[in-house]
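Okay, here we've got a single chain as structure tokens, the form predicted alone, with questions on binding and movement later.
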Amino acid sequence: MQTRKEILTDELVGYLLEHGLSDLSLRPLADALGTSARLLIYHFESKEGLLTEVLDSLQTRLRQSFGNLVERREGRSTERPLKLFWDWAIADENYPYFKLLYELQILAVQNPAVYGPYLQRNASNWSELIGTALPEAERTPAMVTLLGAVFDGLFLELMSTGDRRRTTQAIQQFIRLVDEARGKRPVAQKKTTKASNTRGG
């Protein structure tokens, strides 16, 4: 059975998914949820504490969802982990959660004195999640960091432009470059045309 704080956190996530973060203040937020600012302070201590709980809740939901996806497809899919992660993240049912997570993440980065512990925990959790999706031979700190950074950059580009086709093509291009560098897929040799074979002859 959920505690009152857990119920409020779920309601907060729903509210922020619908209304975003602009001009967020406790009293209007409490009114929208049918509660009081005093009760929100009691459970979350501050607006920053409230947003930290929302961040943790979003991250937990997404990690569980992706973990379940990996388990269901383990041994049955040849799709590269980064592409699998990308397609899952931009799916209609997941994209709003990721968008809110990144908006909150940007807010946290702007105030590291308050959100520092969350930022460290978030980086560690996502690195762990990326690592579980990678084959063991590729599960190096450098590769995990690289994949996370590429995903972050392209997801922010998607948030800015709304261009899913172009950002998805960019993910696919990055995967091809990595595979070629690792020798998984040899770089295609340029074909010699008939004209070049007979040139000057």
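Sequential numbering from 1, following the sequence displayed. All of these numbers come straight from a predicted model, not from anything done at the bench.
Just so you know, the form predicted in complex with the DNA exists too; it's not on screen, but the next bit is about it.
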Point to revise | Every residue of Leu26, Leu39 and His43 near the DNA in the model of the complex, heavy atom within 4.5 Å | key: yes
Study note, to complete from the structure: Given 27-35, 159-167, 172-180, 53-61, the stretch touching the DNA in the model of the complex at heavy atoms within 4.5 Å is 27-35
Exercise for review: Within 4.5 Å of the DNA in the model of the complex, which residues of 141-159 have a heavy atom? Give them in sequence order, or say none.
Suggested key: none
